[in-house]
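Form predicted alone, single chain, as structure tokens, below.
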């Protein structure tokens, strides 16, 4: 089994050899490492994408809008992802962003996951009928379980989810009340033995 370090390095070098600058290639390396770590077919999709990159003539998407439509064939997932991550601070107040025809969209996904961490919000990504809940770049919940190549997603959407608790206030109050049973009333002996006791301030 290949190590994550090998996956990162080889993906980075292959992307550079395919014509991407070193800076972007380094981002690709990190992303493929992340996909493989989460059990998604990063190497498989990157390999196929780089082989067909010249043939498909992917369109670069540099400025992200509310609705993004291609005028050629398919958006390049790497350039679209870089643009999304770079512009996330100005996009985070939107409820939903839509894209038309992103090629090899699994290569776009890690940029969205990393954006979730940057803004501290969960993001809900849909690639046609495939759904991905991205949680602060810590884990991914998805209904996509196949280890295969996705050449294009015709309809892509990203929803910005508000941070909310998964419990009711009543449940929190009940649990907090139970936790109070561990509280100990402070006494003189506890004060003397507590953290910082016995230290002398020389200032």
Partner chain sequence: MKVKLRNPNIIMKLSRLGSFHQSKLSFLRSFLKEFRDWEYKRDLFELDEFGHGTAVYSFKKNTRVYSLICFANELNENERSDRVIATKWDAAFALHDGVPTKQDINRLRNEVPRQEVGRLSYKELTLSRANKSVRAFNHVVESLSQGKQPDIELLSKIGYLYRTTAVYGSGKFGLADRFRIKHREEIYGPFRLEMMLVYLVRQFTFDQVNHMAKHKNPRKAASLDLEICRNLGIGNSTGLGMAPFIVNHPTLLNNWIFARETALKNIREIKNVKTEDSDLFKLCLKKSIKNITSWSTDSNYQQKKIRSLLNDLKKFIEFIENNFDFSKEFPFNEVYLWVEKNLEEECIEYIVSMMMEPYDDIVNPLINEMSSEEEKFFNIPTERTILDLKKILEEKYVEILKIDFSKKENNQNFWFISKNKEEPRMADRFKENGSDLEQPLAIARDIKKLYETLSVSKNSSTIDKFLVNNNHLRHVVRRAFIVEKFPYSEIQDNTIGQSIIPIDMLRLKLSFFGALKFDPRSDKWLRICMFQGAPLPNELKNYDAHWVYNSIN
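Predicted model only: the values in this text are computed from it and were never measured. Positions refer to the first chain, counted from 1.
Only in words, not in the display: the form predicted in complex with its partner chain, which the text now covers.
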Classify residue 26 as contacting or not contacting its partner chain in the predicted bound form by the rule of any non-hydrogen atom within 4.5 angstroms, answering yes or no. yes
Taking the shortest heavy atom distance, is residue 73 within 4.5 Å of its partner chain in the predicted bound form? no
Contact label in the predicted bound form: residue 22 to its partner chain, heavy atom within 4.5 Å: yes
Would residue 52 show up as a contact with its partner chain in the predicted bound form if we use heavy atoms at 4.5 Å? no
In the predicted bound form, which of the listed residues (173, 147, 62, 57) lies with a heavy atom within 4.5 Å of its partner chain? 62
Which residue, 82, 123, 97, 127, is the contact with its partner chain in the predicted bound form, using a 4.5 Å heavy atom cutoff? 82
Of the listed stretches (159-167, 65-73, 30-38, 173-181), which one has a non-hydrogen atom within 4.5 Å of its partner chain in the predicted bound form? 30-38
Residues in 89-108 close to its partner chain in the predicted bound form, defined by a heavy atom within 4.5 Å, in order: 89, 90
